[in-house]
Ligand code: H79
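In structure tokens, one chain follows: the form predicted alone.
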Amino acid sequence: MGGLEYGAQTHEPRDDASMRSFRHDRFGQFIHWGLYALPAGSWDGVTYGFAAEFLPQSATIPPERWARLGDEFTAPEFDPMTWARTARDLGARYVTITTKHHDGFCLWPSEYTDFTVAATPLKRDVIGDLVHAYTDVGLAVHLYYSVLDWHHPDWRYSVDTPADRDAFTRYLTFASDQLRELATRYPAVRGFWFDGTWDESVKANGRWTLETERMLKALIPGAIVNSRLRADEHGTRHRGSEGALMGDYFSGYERRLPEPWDRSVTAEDWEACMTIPQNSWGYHAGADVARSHKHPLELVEQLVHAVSLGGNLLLNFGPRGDGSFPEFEQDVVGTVGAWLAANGACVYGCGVAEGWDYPGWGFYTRNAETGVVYAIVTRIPVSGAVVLQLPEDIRIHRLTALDTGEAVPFEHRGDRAIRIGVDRAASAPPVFAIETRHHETAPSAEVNPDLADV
């Protein structure tokens, strides 16, 4: 459309069962696990402050030396069902799992390369085991795949010569074969999450990105594909040169969220991905990185921030090299999971609360089916009270605390505002469920101009 052959194929958001399920879930767990979890950010006695999964580049490690880490990949604590239950306890409704990151190491026994988990002492199909476990506890599964591959000899950052073109053509065939293999081996997955598509080589191959999306959707009807895969014929990513979204949802928000008052983002589906440390996706054992961990309640705030704008939040976990979750991630599971167990109704199945402006002290969400609006107070004012500004012609029918269901008293502040007391000692964001009714304003009597005062 818009004159682009490889750009957006439609300007309408998807509204099939898979996309409705994705919108309803709102909260996902991201898993980054691979060889990079073993050195955990350090190499030859030096700790690198950048992301652990980028250690081969940060420490300029030759690919053949990096590949020898496979001999140490035993993961004695790896238990797929423990991982799946952890996600369930977190309150996540889906998971996105790294099948192959930028270093090229595959967590499934791919027949197209020897650089896989099958060649390690672990010798098990990690992806297959995880797909089964997460599906068994009721979570949908998405598979992450990095197009960028530092290990493969035919990978090119740019295509500058005929030799580069031949090599990269071979590489794209390799990537297509692997993706077809993943879709065939694991047909129960709901979607594919692409990364490593920012280099000029990929951006110059918009046709391949479109054909790849079509192939996956043909193999798995209803499959969801993120916008990071796609490029048009002009090398524009995520959105085509005419501005239309490519892929099924926008996935350009990385460790950031849209401004809370920016309602323009609600025009399309989107997902933000977030780390718990400042900048590492894989497990990093460095002390400086540990000091940057987000507080679990900050992550709760980021989740409801995303939902209030019609988006999803994908929260990353980086298990250790032995397959266990670090303590700080377990703390997140406990706190976020407990809050969602009591207040999940303001997240699952919710989105934008039309007409309810961003209040500053927190966020509003609305359940699309019931119409109930939720006020989530993430910043309790010093006064211990918040003021809710009501949309025009809306009045409060019933106001309750979401976690207890008890009625909450409120004070009217004019026709379109109410004041609610909030416990300043609350240990987690309180949530108020607001049932509303329309207020019909009586029409004013028509004035006879002949009798009106001059």
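Owing to the predicted nature of the structure, the values given are computational and were not obtained by experimental measurement. One-based numbering along the sequence shown.
Omitted from view is the form predicted together with the named molecule, to which the following refers.
Under a 4.5 angstroms non-hydrogen atom cutoff, the named molecule in the model of the complex lacks D149 among its neighbouring residues.
Contact annotation: R228 falls within 4.5 Å of the named molecule in the model of the complex, judged by heavy atom distances. In the model of the complex, at least one heavy atom of W198 sits within 4.5 Å of a heavy atom of the named molecule.
Remark: E181 does not count among the residues lining the named molecule in the model of the complex, judged by a heavy atom distance of 4.5 Å or less. Residue in contact with the named molecule in the model of the complex (any heavy atom within 4.5 Å), chosen from Y144, F363, W83, Y283: Y144. Listed residues F30, Y48, F410, F27 were compared with the named molecule in the model of the complex; F30 is the one with a heavy atom within 4.5 Å. Contact with the named molecule in the model of the complex, defined as any heavy atom within 4.5 Å, is confined among 114-122, 368-376, 336-344, 101-109 to 101-109. If you take 32-58 and check each residue for a heavy atom within 4.5 Å of the named molecule in the model of the complex, you get H32, E53, F54, in sequence order.
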